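Read the single chain below, which is given as C-alpha cells and is the form predicted alone.
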C-alpha cells in the first residue's frame, strides 16, 4: 500500500520552514534581497499548502481528517500529525498573518539585525507544528521551538524598553515550560501515554486514585497553556511585551496568544468529553469563569491605558478571555461562533498593531526614527527610513483603516467583529434542540461581551480623537507602499470574512461538529496503519540436503 502524495502535504507546514530557516541562517545581511525572496517564497508556499489542506479536509479525506504517521510508526508509539478542518483553517490564518508581517518588515525591520528571516521561519515551524501535532511530547517540542524563535524576535530592533520586556517575557515562558514538563510527566504516569487520542480512550477507565493524579497533572499542564493564552492573572506580561515588540513581531505575538487557547480547545474537547466517565467536563467551569474574569481585566486595562501598544495588548486579552469562556460554556454551536470570533479578532488586531507605527508618525514624526543598535548586531548596511513614493491621501487611509480596525475589535457593524458577536449571542439564546435554555451564566457572558465592546470603542475612539483631530502638530506622514499593502490586505480579509460569512460559518460549524466527536479522532488516529515495507521476491526453494557419503566396506 502506498501513501497518496496528497497525504504528504500534512508534513509540509513543518518541514518547509525548517529547511528554509536552515538555508537562510548562514546568509549574511548583505544578501538581504535573496533572504527576503526565499522567506517570502516559503510563506507563499505555506499559504498554498494550507489552502490545499482545507480543500482536502473539507472534501476528500474520510471524516475530514488526514493522519500522517511520521517515521511510519503507528500511533500511539510514533508521531501522528493530524490535519482536520480546524487545524487546516488555523494554518491558513497563520500563513496570511505571516505574509502580512513579512511584507511589512521588508523595507526596514527585516534589515535590523542579522537573523530576522531564519527566526521567523523557525517561528512558523513551531506554530504550524503546534496546530498539527496530536501528541503532548511533540507539542512541548513545537512550543519550545516557537518560544525560542520568539525570544530572538521580541529582542529584534534592540532598545532598552524592548530588552526589559524581553527579559520578562523569557522568564515567564521558562516558568510556563517547567509547568508543561511537570504536567506532562504526571499525565504520562497516570495514563501511560502522551498521544491525545490514546489518552481519550483510557481516561474513562481510570480508577479514583489515578483520576485524581490525572486531574492534578492536567491542572499543572493547563497553567502552561493559560500563561500563553493570557488568562487572568497569568496574562500580566502581555501588554508590556506587545507594546515593546516591533510591529511585524507583534503580529505573530497576536497569533501566539491564540495558540494556547487552541490547544485548550483541542485537548479539553477530546479528553474530557461527555464519554470520559467521572472526568467528563473537568475544568469547564474554571475556563468559563476564568475567561469572564479575563474579559473584565482586559476591558479595565483598555480604559486605563493611553498607549496604543498597550491598548492592543489589552484588546488581545479581551479576545482571548472571550474564547476561553466560550470553550468553558461547552456548547458546540457557541464554539463555532467562537471560532469565527477567533479569526476575525486576530485579523483585526494584527492590522491594528501594524497601523500603530504608521499612526505615530502623525503625532511625532521623530518617533519614526528608531533607536537602532546596529553596532550590537554588527550590521554594516544600516537601513534608512523608508522613502519611496508617499501614498496619496495618507491621512485618509490611516483614519479609515483605524476606524475599520476599531469597529471590528469592538464588534460594531458592519464588519466581521459584529458578525462574530451576533453569532455568539444567537447561539447563546438559541442553544438548539435538547439543550437547556440560556441561564444566568449565559446572560452574564453576554453582558460581559457586550460591555467589553462598548469599553473597546470608547478607548479606541479616545485614542483616535487624540491622534487625528486634537493634535496641533499633525502632519501627513510619508508612507511606504510596502507598509500600506499589508494593512490594506488584512482589512480586505476582514471585509471578505463579512461578505462570505455564511460559507465561513458553515465550514467552522463542520469543524466544531468534528471536534465534538472524540470517538472519531480516536478511531482515525489509532486506526491509521503504517505503510508496509516493499515486498521482496520469493526465494527459490531450498535444495535438498546432500546425502552423506557411503561408508567404505
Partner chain sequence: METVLALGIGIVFASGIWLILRPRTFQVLIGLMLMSYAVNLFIFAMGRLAVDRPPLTPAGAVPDPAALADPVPQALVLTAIVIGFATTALYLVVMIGARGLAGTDHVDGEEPGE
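Residue numbers count along the first chain shown, from 1. Because the structure is a prediction, the values reported are computed rather than measured.
Keep in mind the form predicted in complex with the partner chain is missing from the figure; the text below concerns it.
In short, of 290-298, 105-113, 306-314, 186-194 it is 186-194 that has heavy atoms within 4.5 Å of the partner chain in the predicted complex. Contact annotation for residue 164: at least one heavy atom lies within 4.5 Å of the partner chain in the predicted complex.
In the predicted complex, the partner chain lies within 4.5 Å of some heavy atom of residue 159.
The closest heavy atom approach of residue 268 to the partner chain in the predicted complex falls outside 4.5 Å. The partner chain in the predicted complex comes within 4.5 Å of a heavy atom belonging to residue 155. Between the options 237, 463, 140, 397, the residue in contact with the partner chain in the predicted complex by a heavy atom within 4.5 angstroms is 140. A heavy atom within 4.5 Å of the partner chain in the predicted complex is found for exactly one of 446, 181, 458, 393: 181.
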